[in-house]
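Take a look at this single chain in structure tokens; it is the form predicted on its own.
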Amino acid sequence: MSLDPSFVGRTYPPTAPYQVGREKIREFATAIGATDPAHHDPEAARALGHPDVVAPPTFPVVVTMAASRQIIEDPALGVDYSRVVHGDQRFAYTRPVVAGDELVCVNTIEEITSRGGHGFLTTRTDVSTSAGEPVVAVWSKIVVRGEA
């Protein structure tokens, strides 16, 4: 089954809020080898003007991967997840993610193309606080491999 191009432009409902925890940021930073004290020590983060520890730049993937289930699990779109490989990821920040943020995601399908028998799906996830303050936009491209 190929991806349905009529889904381009579709926006999904906002996700339930995700509470960003200090320990989650520390764990993520440790897992990726981010040693900047602002990721681990609230006082170091406050010295830089942040209210609490600051998440590493790729941290939003924790929230957006869960949010992308809205798209991946939409049966009418035609994504066979067993055939998916990651293609690309990029972030455009309005401000950093910090511990204590309550984040909401809104997913939009920006592009669906087909090349060489493979489907390419580009999504944008707008991440904001539950109060509506924009935080980061995250673009993700996945490749749905065609049948061999």
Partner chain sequence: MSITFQVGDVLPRLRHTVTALQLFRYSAVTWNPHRIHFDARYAREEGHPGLALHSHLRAALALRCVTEGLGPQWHVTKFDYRLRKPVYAPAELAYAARVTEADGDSMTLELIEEHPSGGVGFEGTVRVSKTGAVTTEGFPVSTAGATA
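Because the structure is predicted, anything quoted here is derived from the model rather than measured. Residue numbers count along the first chain shown, from 1.
Form predicted together with its partner chain: not shown, discussed below.
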Requested in this report: Look up in the predicted complex whether S114 has a non-hydrogen atom within 4.5 angstroms of its partner chain, and give yes or no.
Outcome: no
Query raised in the report: Can you check whether H86 is within 4.5 Å of its partner chain in the predicted complex, heavy atom basis?
Result: yes
Report task. Verify the contact flag for R46: yes if a non-hydrogen atom of it lies within 4.5 Å of a non-hydrogen atom of its partner chain in the predicted complex, no if not. Result -> no
Query raised in the report: Does P134 make contact with its partner chain in the predicted complex, using a 4.5 Å heavy atom cut-off?
Result: yes
Query - P13, G78 and H118 all contacting its partner chain in the predicted complex, non-hydrogen atom within 4.5 Å - result: no
Query - Neighbours of its partner chain in the predicted complex among 13 to 27 [non-hydrogen atom within 4.5 angstroms] - result: K24, E27
